[in-house]
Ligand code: AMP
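A single chain comes next, written as structure tokens; it is the form predicted on its own.
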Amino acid sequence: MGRIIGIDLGTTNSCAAYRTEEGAIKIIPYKGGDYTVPSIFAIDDKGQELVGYEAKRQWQLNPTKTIYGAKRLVGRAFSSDVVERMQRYVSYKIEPSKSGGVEIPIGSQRLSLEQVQAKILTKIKQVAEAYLQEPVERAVVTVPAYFSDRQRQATKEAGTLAGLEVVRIINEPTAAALAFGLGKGLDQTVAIYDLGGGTFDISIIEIRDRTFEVKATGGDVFLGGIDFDNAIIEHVLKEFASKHAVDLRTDPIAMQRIKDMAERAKVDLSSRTDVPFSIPFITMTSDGKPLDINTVLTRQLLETLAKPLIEATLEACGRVLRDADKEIDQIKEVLLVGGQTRMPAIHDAITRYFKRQPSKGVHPDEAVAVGAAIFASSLEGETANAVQLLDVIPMAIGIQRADGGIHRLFARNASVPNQKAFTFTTSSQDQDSLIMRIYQGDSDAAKDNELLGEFTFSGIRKGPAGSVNVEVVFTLSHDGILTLEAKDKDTGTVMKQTVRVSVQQS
């Protein structure tokens, strides 16, 4: 079979890497010399599908048929707070699927988020095949450490739809640690602070030569560069409404122009102390007079707007350090990953918090793809490339109890792979099935966690209540994905399993 590539499937940009015949890890370039592909999908007025730069170029003029930030919605319930928050800032429609998930009507199609992600993965696959001059059929794909079981499964499904076998899913901070530490003979504990376009992760990882052990991880899959952009957008909208008594939120093209300018201004403020924020003819008054946006953004203003976001990341750092049972002085290196970490205020905040300058040992945009390619190479069987990853799940997994509480099967930061067996006894006369609802999350109340699915095991031997013992084995894969199997403990008969996968919250 062909080589396995590593793919960083990002919220705003994606990239891929591979190991050369000489053993070096290289990022796969896109045409024009770029090393990332925008994670954007669109359908233009002629019905053509566009991905990457082609989709981004027509974004301003076609905002309602241009999908971005899909990673934030994948594996989500339509009723979730995340979807509600996304709807405030995107111009495309977000609608419920039949199962309670998310679908996006675009052109003549209705796409699931797995299908949207598959479009982006297909583009990456095509770019890789054109560059490597060989078929690409297998990949290691990275996800945020704080992705749930459902989001991980959705990512694997997206790979299948794109014609890729996702041989492993690994966490983005773990991949960055591989890019930093492999081959250096290290024996130290590092913190990976990963603030990308749409997600934030913080992981504490012990590196012992070629073994990378995650001690604890945490984060927020709805905190990233997009939210820094949105803070600027909110400020500009309020200022414009105050000055002209006009609300621009109902104009998708105006909103897209503001979004583009906000992102550019944010980037420029990493190297400048102030930038003009000017958009001519943003709208017109009722009597036909054109209105412009003309203001100046300062780095100080951006830091004020972004302060709650930066503080939220530091609070997560504190929680993860406690979970890892580590003190700050035990952290020998702090790696900054993700484009948003270029913001000077974040660099300063991390320096103060960890009492050390962050390491410059990894490229913030490329480290995750490089780490994925390193691990992909280790799966190809060469002993010299072998690495050992000892990862964890980001949130607890448990069964709903009769009182609405949770019986935890695996605690937060439980290691993967993992397996536990529990025995359940029939509770009624001639009971022929066992139903259990599995949730992921750290709340003690089932309703406040994410429902992973309702599992029904049928074919239980008939008999008096308490006469049949059913053993259920819960297995967490290397990818952090849960599977279940049940059998009659006395006869060894395996029960037939039915899973009702609904992303509706209960």
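Residue numbers here begin at 1 and follow the sequence given. Keep in mind it's a predicted model, so treat the numbers as computed, not measured.
There is another form of the same protein, the form predicted in complex with this ligand; it is not shown, and what comes next is about it.
Q: Pick from Gly225, Gly181, Gly398, Gly101: which has a non-hydrogen atom within 4.5 Å of this ligand in the predicted complex?
A: Here the answer is residue option Gly225.
Q: In the predicted complex, which of the listed residues (Asn385, Ser91, Ser270, Asn230) lies with a heavy atom within 4.5 Å of this ligand?
A: Only one option qualifies, and that one is Ser270.
Q: Closest heavy atom of Gly339 to this ligand in the predicted complex, within 4.5 Å or not?
A: Judged by the heavy-atom cut-off of 4.5 Å, Gly339 is in contact with this ligand in the predicted complex.
Q: Can you tell me whether Gly218 touches this ligand? I mean in the predicted complex, with a 4.5 angstroms heavy atom cut-off.
A: No - in the predicted complex, heavy atoms of Gly218 and this ligand never come within 4.5 Å of each other.
Q: Are any of the heavy atoms in Met343 no more than 4.5 Å from a heavy atom of this ligand in the predicted complex?
A: Looking in the predicted complex, residue contacts with this ligand include Met343, since a heavy atom lies within 4.5 Å.
Q: Do Lys259 and this ligand come within 4.5 Å of each other in the predicted complex, heavy atoms counted?
A: Contact check for Lys259: no, nothing within 4.5 Å of this ligand in the predicted complex.
Q: To test your reading of this chain, name the stretch in 406-414, 234-242, 81-89, 262-270 whose heavy atoms come within 4.5 Å of this ligand in the predicted complex.
A: So the stretch in question is 262-270.
Q: Select from 191-220 the residues with a non-hydrogen atom within 4.5 Å of this ligand in the predicted complex and write them out in sequence order.
A: Going through 191-220 in order - heavy atoms within 4.5 Å of this ligand in the predicted complex - the hits are Gly196, Gly197.
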